[in-house]
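In the form predicted alone, a lone chain appears below as structure tokens.
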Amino acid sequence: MRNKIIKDELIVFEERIARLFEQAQIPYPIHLSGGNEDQLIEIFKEINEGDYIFSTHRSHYHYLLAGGSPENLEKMILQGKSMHIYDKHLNFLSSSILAGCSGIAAGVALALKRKNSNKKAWCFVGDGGEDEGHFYEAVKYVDGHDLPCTFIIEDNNRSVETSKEARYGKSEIKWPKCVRRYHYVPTYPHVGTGKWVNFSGIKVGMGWM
């Protein structure tokens, strides 16, 4: 049975990780979640135990909502694994490569269909990952073969610190039904837009976390 975690617990966890980073207890790059708690809680109501979950460099909330323990997640973060969390028991995989799990999710979904499984693949990407060619290829394959895979675009209108309009004007692609999108304003801004902390003598933007 998956452990339920509530909004306040998600926020408290990320605040703790932010403090550890500010205190130089985490000598690795991290990316913090925040501002999207309500949307993710609703999405994870549709994700069943045994489904495959593919995440991004910003994976903490996804892992906790998938049933991962805060203690285990903090341990992995302290080991430098924040951007590539993996848990075989939860069918959970993340990648620091932009949209890096898209093709893997499509392949897993193909295997699930061939096995007549009732499980699904869920693949989270940011709006920066949406720009990547391999995301388009994975979406096209999943849609064309009617595979049990849903792509979730977490749209905070930023790729590093560049808005969608600055990247490609007013263009919007109408994705097929296997792609869903939600918009949110991140609690922790991207680099150059948030506060700075002193980390081992180097000024580091909180947004890079």
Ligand SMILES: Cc1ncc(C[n+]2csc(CCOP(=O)(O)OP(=O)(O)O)c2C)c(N)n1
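All values derive from a computational prediction rather than experimental measurement. Heads up: residue numbers just count along the shown sequence, starting at 1.
Omitted here: the form predicted in complex with this ligand. The next part is about that form.
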| property | result |
| --- | --- |
| This ligand contact at residue 74 in the predicted complex, heavy atom, 4.5 Å | no |
| Residue 137 within 4.5 Å of this ligand in the predicted complex, heavy atoms | no |
| Proximity of residue 96 to this ligand in the predicted complex, heavy atoms at 4.5 Å | yes |
| is_contact(residue 166, this ligand) in the predicted complex, heavy atom dist at most 4.5 Å | no |
| Option from 171-179, 151-159, 65-73, 41-49 whose residues, in the predicted complex, bring a heavy atom within 4.5 Å of this ligand | 151-159 |
| Residues from 127-158 in contact with this ligand (non-hydrogen atom within 4.5 Å) in the predicted complex | 127, 128, 129, 132, 156, 158 |
